[in-house]
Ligand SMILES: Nc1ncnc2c1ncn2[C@@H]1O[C@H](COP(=O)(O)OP(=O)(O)O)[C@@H](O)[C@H]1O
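The chain below stands alone, shown as structure tokens; this is the form predicted on its own.
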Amino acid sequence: MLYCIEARSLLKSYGNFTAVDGIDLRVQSGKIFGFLGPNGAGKTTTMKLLTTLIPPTGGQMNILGIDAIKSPLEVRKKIGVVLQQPSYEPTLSVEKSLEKYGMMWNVEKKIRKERVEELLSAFDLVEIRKKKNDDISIGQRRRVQVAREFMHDMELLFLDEPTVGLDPSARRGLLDYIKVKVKDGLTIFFTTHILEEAEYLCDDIAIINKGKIIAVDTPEDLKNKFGREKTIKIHISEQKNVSALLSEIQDCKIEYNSGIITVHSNKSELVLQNILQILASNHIPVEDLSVVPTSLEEIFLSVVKNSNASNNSSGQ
């Protein structure tokens, strides 16, 4: 199966409000698909549609080769879902929570025991395995919530902001565990507000804003397409103000502070060449130089900003 998720003209409206506005979406099997957008963009609504938790107002959905609108229960048997909302059993211990979840999915007892031990170790829960969920931290509960979803076999896993409340170490551990599972054939549909996570984890990324998909591509191709601007930092040895010398250079924004020239430009190579020529002709030595590509976060902010500007312009 080339695509495990195919949605066409998917629509969800609540009265006069359209949360998901006729989106088309395809997710390739065995990949990690990032779904990004600002608050209120339609991410969670889309996920609830794709996991059959709510019905669409219009459009088509095919999940794992199944018509998800006609046969939602068949879809649910083959997927895993971790939503943003906290979900835990207050009086059960961490290991009992995992055990119970395996029983709910009819996982064989021997396999269930093995998976409990594997997940306790993988999610760094061994030391708190006997503690009740009510007695552990919010971040630890979140780790339990995500870990228990791996108790059962599934072909597709939906993760909605899975690292919320996790410290950096636990976050990286979770992301690395996801990568391992994908190598074993699992497909992940992943939402996050942490753009570094998406860049580290995802094979493909879609950006949604105001219910519409505004960009879909690999992280690298998104950078190539929207990230033409680069940041240049030049450290000079002489603490003199060079702003006047560089004021005539076109196609860039230049800042100078305490011996550091910072340049933002879509034509970085030409601009850098001009700056170096000016510095050399004025006998100003360069101590250090670096060129930093636009980050995925900067691209995300730029794409959303341009989308909002376009919507405002068309609405006038």
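Residue indices: 1-based, along the sequence shown. In this text, all values refer to a predicted model and were calculated from it rather than measured experimentally.
The same protein also exists as the form predicted in complex with the ligand; that form is not shown, yet it is the one meant from here on.
Peer 1: Which residue, Ser290, Asn282, Asn39, Asn257, has a heavy atom that falls within 4.5 Å of the ligand in the predicted bound form?
Peer 2: If I apply the 4.5 Å criterion carefully, the residue I get is Asn39.
Peer 1: Pick from 272 to 280, 57 to 65, 39 to 47, 249 to 257: which stretch has a heavy atom within 4.5 Å of the ligand in the predicted bound form?
Peer 2: Going through the listed ranges, the match is 39 to 47.
Peer 1: Give a yes/no on whether Leu25 approaches the ligand to within 4.5 Å in the predicted bound form, heavy atoms considered.
Peer 2: Leu25: no, not in contact with the ligand in the predicted bound form.
Peer 1: Look up in the predicted bound form whether Gln84 has a non-hydrogen atom within 4.5 angstroms of the ligand, and give yes or no.
Peer 2: Heavy-atom contact with the ligand at 4.5 Å: present for Gln84.
Peer 1: How about Val304 - does it come within 4.5 Å of the ligand in the predicted bound form, if we only consider non-hydrogen atoms?
Peer 2: Residue-level check for Val304: no, no contact with the ligand.
Peer 1: Could you list which residues of 3 to 35 come within 4.5 Å of the ligand in the predicted bound form, counting heavy atoms only?
Peer 2: Residues within 4.5 Å: Tyr14, Phe17, Ala19.
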